[in-house]
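Here you get one chain, nothing else, as structure tokens; it is the form predicted on its own.
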């Protein structure tokens, strides 16, 4: 299945105020946030601690109600039925410690699907085998290593075949083998046409997995690659970058074709091994460079578009002025 441009999930002016203490002012955790999560894509949900990400996720899961605004799933208000089409892998495993791996997945399936025991048994066996836990299916969760527990959490998030999976710091504390396996499963799940939301502070996972990015700051949506409009400062919110990787060229040859073709400059240049990578904000500029380089006989290694969020952008959004 190919991803579409239609959102599976929409937040419309989502607003949440907590007022639990009579002696303190109410806290605005999420402030009039509107954004979309596109079907068949992985969208990164980033932000500093306290930015409102967790509160937003709780409202998406239906664990708390918005003060104002709405969560729409496939164009409709969130319902019991739609929540069963959402999978969730929390940062800290919330698995019942005294159940075995087999019992935990069976219990989850019974609540999500209501399937018969024989069908649940087959699904559980298949899922445990997929995440390499079949040999420990009778082991209690409290006896599992962290890597095993994360594998089980991934199985629980996906065993009922949800169309949307929310991952909260899924790679936290995993060893390299477990990270490799989880990364592989996430990519396969996405390639099958499912939608993912990745909530993380690890930028390598954003680069590796995400098609789009939303960044929260102080309860507001500070940056997004889905919204194609212009902010109040005239800056485009679309953060997609176009990349042109060239071999066998140097800066002087690039300057020559810049002058010859009257090309607009790149937004950034990086050297990587024997390659020069040029980054562009606009497709038209990137395409004109590609055409010029081909005409000049330069070796074009790659031309692509992808979400690219640099550390400076993240830092400014996390700690800059409100």
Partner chain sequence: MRHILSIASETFLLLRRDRVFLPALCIMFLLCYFAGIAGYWSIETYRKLIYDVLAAGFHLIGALVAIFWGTKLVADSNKEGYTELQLAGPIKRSHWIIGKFLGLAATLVFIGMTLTVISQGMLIYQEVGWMGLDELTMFGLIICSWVVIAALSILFSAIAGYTIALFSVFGMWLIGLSIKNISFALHRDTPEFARETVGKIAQYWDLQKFNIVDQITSQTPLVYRDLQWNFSYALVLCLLFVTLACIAISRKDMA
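On a predicted model such as this, the values are computed, not experimentally measured, just so you know. Numbering follows the first chain given and starts at 1.
Same protein, other form: the form predicted in complex with the partner chain, not shown, and the subject of what follows.
Looking at the partner chain in the model of the complex, residues 122, 184 and 187 place no heavy atom within 4.5 Å of it. Checked against the partner chain in the model of the complex, the candidates 193, 173, 75, 114 yield a single residue with a heavy atom inside 4.5 Å, and that residue is 114. With the partner omitted here, the residue from 110, 201, 129, 180 that has a non-hydrogen atom within 4.5 angstroms of the partner chain in the model of the complex is 110. In plain terms, the part of the chain that comes close to the partner chain in the model of the complex, with a heavy atom within 4.5 Å, is 83-91 out of 129-137, 83-91, 193-201, 211-219. None of the heavy atoms of residue 260 is located within 4.5 Å of the partner chain in the model of the complex. Mapping the unseen interface onto this chain, residue 294 falls outside it, with no heavy atom inside 4.5 Å of the partner chain in the model of the complex. For residue 64, a non-hydrogen atom is located within 4.5 Å of the partner chain in the model of the complex, even though that partner is not displayed. Put simply, residue 169 is far from the partner chain in the model of the complex: not one heavy atom of it is within 4.5 Å. Taking the partner chain as it sits in the model of the complex, the stretch 162-185 never comes within 4.5 angstroms of it through any non-hydrogen atom.
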